[in-house]
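Encoded as C-alpha cells, the following chain is the form predicted on its own, with no partner shown.
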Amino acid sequence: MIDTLGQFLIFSTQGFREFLSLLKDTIVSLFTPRFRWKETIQQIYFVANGSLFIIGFCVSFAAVVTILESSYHMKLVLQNDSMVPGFASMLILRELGAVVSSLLLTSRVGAGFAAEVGSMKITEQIDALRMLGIDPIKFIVVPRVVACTVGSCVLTIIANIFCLFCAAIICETYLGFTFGMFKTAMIRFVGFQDLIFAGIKGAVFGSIIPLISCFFGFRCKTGAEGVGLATTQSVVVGSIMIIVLDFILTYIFSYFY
C-alpha cells in the first residue's frame, strides 16, 4: 500500500509539472506571431454554436428548480417567499449560470478535444507535426484555448440572461410575482458587476477546459482504450478544476460586492 501511494504521488507530481509546462508553452505561443485565425473561428463556432441549445435548455430547468425549491423552503421556515426573486437572481448570476454552463462544456467540448487530440497522438499525427517543424501547442492547443475562452464567456452571459428570464416567468406563473416585482427584487440583490464577474468566471473556466483536455490527449496511450481513458480523465479533472476555481474566484469577488 505504501508503494502504491508513493507511485501515485510521484505520478501526480510529474503530471502537475507537465501540465504547468503545457500552460507556460501555451501562454508563450499565444503571443508569438502567425496566429491561426481561421482555425480559431472554426473552434469558436464548434464551442459556442454547438453548445448554445444544450446550455440554454439545461440552465432554464436549473433556474426553475432553484425558484421552486427556494420558495418551498422559505415558506416552510419563514412563512413568506417574498425574497425568492432576489435570492434566486443572486444565485443564478453568481454561481448557477457560470458553473452549470462550464460543466456542460467540459462534458461536450472537453471530451471532444481530448478524443481528437488523443486520436492524433496514437495515429502519430503529432509526431508528424514535429517532424515538419510545426509546434503542436501552437497548432492545436492555442486555437482551442482562445476559442473556448471566448465561447465560454459569451455562453455564460447568455445563460445567465436566459436563466433570469425563465426565473421571471416561473415567478409570475407559479408564485404570483409580476415582472416588475421580480425586476425590483433583483436590482436590490444584484448589480451589473455580477454579470461582469460571471463573464470572467466563464472565461477562466473556458480557458482551463481545453488545456486539461489537450494535456490528457497528449498523454494518451495506444489503442481505443487509451482514447477512452484520456477522455474520461479530461472530463473528471476538468469538472474538479471548475469547482475549485469557482471557490477561488468567488472568494476573490466577495471583496468587491
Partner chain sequence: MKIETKVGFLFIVALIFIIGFAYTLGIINPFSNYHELTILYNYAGGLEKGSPVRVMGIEVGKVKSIEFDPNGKSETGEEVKLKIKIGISKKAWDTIRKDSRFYINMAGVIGEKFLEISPGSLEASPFDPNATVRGEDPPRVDQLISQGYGLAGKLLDIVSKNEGSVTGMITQVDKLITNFNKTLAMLDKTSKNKEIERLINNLVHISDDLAYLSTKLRSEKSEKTFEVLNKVLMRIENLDGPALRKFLQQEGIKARMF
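Numbering follows the first chain given and starts at 1. It should be emphasised that the depicted structure is a prediction, and the values quoted were computed from it without experimental measurement.
The next section is about a form of this same protein that is not shown, the form predicted in complex with its partner chain.
**Student:** May I ask whether 42, 45 and 192 all come within 4.5 angstroms of its partner chain in the predicted complex, judged by heavy atoms?
**Tutor:** Result yes, every residue of the spot touches its partner chain.
**Student:** So in the predicted complex, does residue 134 come within 4.5 Å of its partner chain, heavy atom to heavy atom?
**Tutor:** Residue 134: no contact with its partner chain in the predicted complex.
**Student:** If we define contact as a non-hydrogen atom of the residue within 4.5 angstroms of the partner, is residue 178 a contact of its partner chain in the predicted complex?
**Tutor:** No, no contact at 4.5 Å.
**Student:** Indicate whether residue 104 is a 4.5 Å heavy atom neighbour of its partner chain in the predicted complex.
**Tutor:** Result no; residue 104 lies far from its partner chain in the predicted complex.
**Student:** With the partner left out of view, is residue 150 within 4.5 angstroms of its partner chain in the predicted complex by any non-hydrogen atom?
**Tutor:** Because a heavy atom of residue 150 falls inside 4.5 Å of its partner chain in the predicted complex, the answer is yes.
**Student:** Check each of 227, 52, 64, 203 and return the one that places a heavy atom within 4.5 angstroms of its partner chain in the predicted complex.
**Tutor:** By the 4.5 Å heavy-atom cutoff, the listed residue in contact is 52.
**Student:** Just to be sure I understand the contacts: of 145, 109, 186, 84, which is the one whose heavy atoms reach within 4.5 angstroms of its partner chain in the predicted complex?
**Tutor:** By the 4.5 Å criterion, the partner-contacting residue is 186.
**Student:** Heavy atoms, 4.5 Å, its partner chain in the predicted complex: which of 94 to 102, 158 to 166, 111 to 119, 135 to 143 makes the cut? Say which one.
**Tutor:** Result of the contact check: 158 to 166.
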